[in-house]
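What follows is one chain in structure tokens, specifically the form predicted alone.
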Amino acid sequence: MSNPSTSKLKLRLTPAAEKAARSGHPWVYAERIKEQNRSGELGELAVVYDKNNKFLGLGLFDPDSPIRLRMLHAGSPQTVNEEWWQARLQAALTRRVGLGGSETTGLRLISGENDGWPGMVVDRFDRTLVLKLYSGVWLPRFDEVVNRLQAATPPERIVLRLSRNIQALAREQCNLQDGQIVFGEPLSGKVVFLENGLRFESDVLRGQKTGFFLDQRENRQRVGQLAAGKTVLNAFSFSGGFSLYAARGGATSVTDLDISAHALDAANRNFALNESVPAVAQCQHHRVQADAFQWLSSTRDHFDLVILDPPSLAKRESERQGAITAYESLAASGIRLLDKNGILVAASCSAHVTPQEFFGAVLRAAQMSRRPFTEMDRTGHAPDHPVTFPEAMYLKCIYLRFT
């Protein structure tokens, strides 16, 4: 890729964008750039000045993205050099001190904008790091990023995952492929890691996101604490994380419900990885391959604990209202399946649906059921998935007990 011009790329923003950037919001959209001294190049460091021509902040420029600038810093002037980048990486790692340990070797190390690395996520699965890029701004700096991760961690290997929107660009300009091992030992299969003492596999080369959803760790732990002596349904079960915790927690049976045979097979393998745990071995593990919406609305089965953790139902703002309606319908179906003193665990990972909207949908379904219920808890993001701006707030979960 060509080197940026030696003259600094200087930007001025609309008043609203200036206010947002000053308050720490990490995105500047193209239409909110009021002035620009020259055309910028992908990944170039751009300096933002305020209306009084004073330094406001700096960020990484993307000439082809609606998010034209991804802010790295706002406030006093900064010298961005190798020491600056290393300090920023170390700050993210330091925030995770105490979150892992010998019983948990799966952890998010960098959570994008929330850790000051916009458009970049790094997950650790045992000795394997998965670097996922959601923005092309990191492509010109790719080797630097890999070298820093290698030096700071250090890993056995680093796997690159690329968002679909930048895969062609990465291939054409940098010869990089999704699922490529960019440092370290080859990998022929899955990576096995620990989460609160349970063993899980992660398909880091081809799986969704970085291969496993680490963000539900605390909710999985809570389900395990609630599961003793219960029959459990895990709807949208994916690779069976909630089910395995429930089994270890003493559930008499768990049923995985998912439309994907591949996901159900992964759940079976995760159970096999933990067959030495007595409670897991004793728990009856069932699988149902079906559309969860249809199955939940038609089955006559009943359970003591129902978990509803669907994939995002609103990937864009235009889908928000439909998602709220779907969450209410799902909750109603789940409640219908609960026996006396049953527990509903309902989660959402749709960023376009606010916590208030999601909790409201579930509570409406609970009220419409005409069954007495108590709210046990509401949870949000895991400690290694911090939230620093509104658009990043996607995960929410509510626990209700029905009598």
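Quick note: we count residues from 1 along the sequence shown, nothing fancier. Keep in mind that what you see is a predicted model, and the values were worked out from it rather than measured.
If you look for the form predicted together with a small molecule, you will not find it shown, but the lines that follow are about it.
A heavy atom within 4.5 Å of the small molecule in the predicted bound form is found for one listed residue only; from I259, A279, C174, L93, this is I259. For the candidate set K190, R220, R124, K230, a heavy atom within 4.5 Å of the small molecule in the predicted bound form is found for exactly one residue, namely R220. The shortest heavy atom separation between A290 and the small molecule in the predicted bound form is within 4.5 Å. Though the partner is left out of this view, L162 does not reach within 4.5 Å of the small molecule in the predicted bound form, counting heavy atoms only. At the 4.5 Å threshold, heavy atoms of Y327 stay clear of the small molecule in the predicted bound form, well away from it. Put simply, P154 is far from the small molecule in the predicted bound form: not one heavy atom of it is within 4.5 Å. Between 127 to 135, 232 to 240, 246 to 254, 70 to 78, the stretch whose residues reach within 4.5 angstroms of the small molecule in the predicted bound form through a non-hydrogen atom is 232 to 240.
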